[in-house]
Every structure is written in C-alpha cells, then in structure tokens.
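For reference, the chain that follows is the form predicted alone, supplied as structure tokens.
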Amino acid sequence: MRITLKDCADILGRYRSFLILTHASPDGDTLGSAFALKRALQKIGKPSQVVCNDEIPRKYSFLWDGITNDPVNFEAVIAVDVADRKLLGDKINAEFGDKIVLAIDHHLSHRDYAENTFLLGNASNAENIFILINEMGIDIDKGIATCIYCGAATDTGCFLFTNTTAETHKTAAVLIDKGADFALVNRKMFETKTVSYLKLEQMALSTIELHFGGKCAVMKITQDMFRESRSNDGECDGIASLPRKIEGVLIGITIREKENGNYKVSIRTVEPYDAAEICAHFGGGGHNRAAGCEFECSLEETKKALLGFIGEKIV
C-alpha cells in the first residue's frame, strides 16, 4: 500500500526497534539512507540494525563512525532504496523479503513488495530520508547530514547527472549548514581509487566495443578480471558510468559477471534513450538515465539480447 509522509512517520513512531535492509551490491544512496535513518532513530531511543546481503566496502565506514550496529530484537523490518525485493540479495530476500513493514524508495519503477511503501521520485532516496527526518521533528546533526549528503551526492554523480534538481541543491545546502562533511564524502566517493580498482578499470576499458555507429558502447568485466586485479564487486560501483563518457555514445552498457555465473547489466543513457525502459524489457528497472537488470545465460547471449533490443530503438 502506498502511504503518505505522515503515515510513514507514524509507522516509525509506532514500533520500538527496527531492522533496516539495504539492497545488495550496496552504493552510497542505500547506505547513506540506512545509516541516516539509523542515526535519527537512535536519537529518539529506538535501536536498529543495518543489514546488507553483501559485504559493505570499507570506503563507506565513515557512515557509521561513532555509532554501533549491535543486533536488536527488532519489531519491524524496513527497506531503503530497494525497488524490488529480489534486489535485497538471495540470502536477505529469503529471510526477510516477506516480512517488510515499510519500504522507503525513490525509484519510479518500484514494485510493491512491502506492507507499506513511501515513495517520492527524488534524485536520491537519501533526499526522502531527509524529508522524513524533518517530518519526525528530529534534529539533523553532523552524522545524519553527512550520511544524507553521501546518498544525494553519489546518486547524482556529484550533482552532475541529469536527475539533479534545484531541490537537490537546496537539500545539499541545508546539509552543509548542518555540518555535513562534504569534503570527506567527495574525496572518498569521487577522488580516491585503490590500486586494485585502477587495474580492473584498465582491463575493463580494453574490452569496450562500439556499436550502431558509435552510439552504443559495451564494456565487460569478468571474474577473471576481478581475480587478476585483486579487485572486487564492492570497489567498482562507479565503473558503469565509463562507457557513456565516450564522445558520441548515447547508451553505455556494462556487463559484469557475478560469482554465480549470471551477468549483471548496468545501463547509462543520454536523452532520448531511457535506461529503465531497456532494463524493464529484461525484468530489471531503475531510473531514466541509470538502470540495471540480470541475465542467466552466457556473456555472448547476454550481449546479443541487449544489442538486438537496442538496435530496434536506436536511430
């Protein structure tokens, strides 16, 4: 059931303790949303635990700096920035997917799976958490502000993506006034790369293929590349944007092999092409300019299916 902002705040006021779920392969928005909410609930005496299906990359450790994530006997399960319960990851979905009381999300492709859903189509889900915390009358301190800023900055590509709005900038200004450590966030998220990631990026870039007169670029990342570079899935949440950065490319595709042999596809587009529409055709979803889906077939079959569908649309 879709609910209002007030209803959402009322639900959080009704329960005494929470389990907060993020999506698998966590990024700055799902983690920033989760830890901002956790910090806010902690301020009103409501313990919570943030849980992710996958290991959280160490670069995000500043989000929980100064707080504990101790297990709690939770009364309610919340999901943040999760458009589809299968995005929770296999383990978390199996254990909690049918127990979610509240989903807080910003994806217009959201597939209702929770008992209650609060959805606003802002540039980031962290902006929705900002609105919610204000509705609850909880003071936003430096820790909360930094978490929300992280979510807003990462889901807008440091405010470069076309999903950035005037309201996003207004929210960022308020967060900075509240003490958000924006310099730390920007350094950790956009200016720091590990040696292992640099090696992976170099390998990935060497695989790029151009199609349809250079309007579509395809990049591949295999498990062999992860092993050779000593990188991992958690380090490369920004790598999907690389193919779209090539001059003339309107649709950038990154095909990433998962440990189970499936292929995770990330698509980034430029107008007039809709990434969410492309991914929805293959059972995925996301935003107009950034979306994803997954294939349970070979790499060549995955690429053939994607290019076949895109070839019917690209002009």
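Nothing here was measured: the structure is a model prediction, and the numbers come from that model. Residue numbers run from 1 along the displayed sequence.
As for the form predicted in complex with a further copy of the same chain, it is not shown, yet the points below apply to it.
S.K.: For the three residues 194, 210 and 270, verify that every one has a non-hydrogen atom within 4.5 Å of a further copy of the same chain in the model of the complex; reply yes or no.
M.R.: The answer is yes; 194, 210 and 270 each reach a further copy of the same chain.
S.K.: Residues in which of 72-80, 107-115, 237-245, 124-132 have heavy atoms within 4.5 Å of a further copy of the same chain in the model of the complex?
M.R.: The contacting stretch is 237-245.
S.K.: Of these, 170, 227, 142, 99, which has a heavy atom no more than 4.5 Å from a further copy of the same chain in the model of the complex?
M.R.: None of the others qualify; the residue that does is 170.
S.K.: Pick from 93, 222, 164, 232: which residue has any heavy atom within 4.5 angstroms of a further copy of the same chain in the model of the complex?
M.R.: Among 93, 222, 164, 232, a heavy atom within 4.5 Å of a further copy of the same chain in the model of the complex occurs only for 164.
S.K.: At 4.5 Å between heavy atoms, is residue 58 in contact with a further copy of the same chain in the model of the complex?
M.R.: Yes, residue 58 sits close enough to a further copy of the same chain in the model of the complex that at least one of its heavy atoms falls within 4.5 Å.
S.K.: Go through 173-193 residue by residue and record those having a heavy atom within 4.5 Å of a further copy of the same chain in the model of the complex; state none if no residue qualifies.
M.R.: 173, 176, 177, 182, 183, 186, 187, 190, 191, 192, 193 sit within 4.5 Å of the partner.
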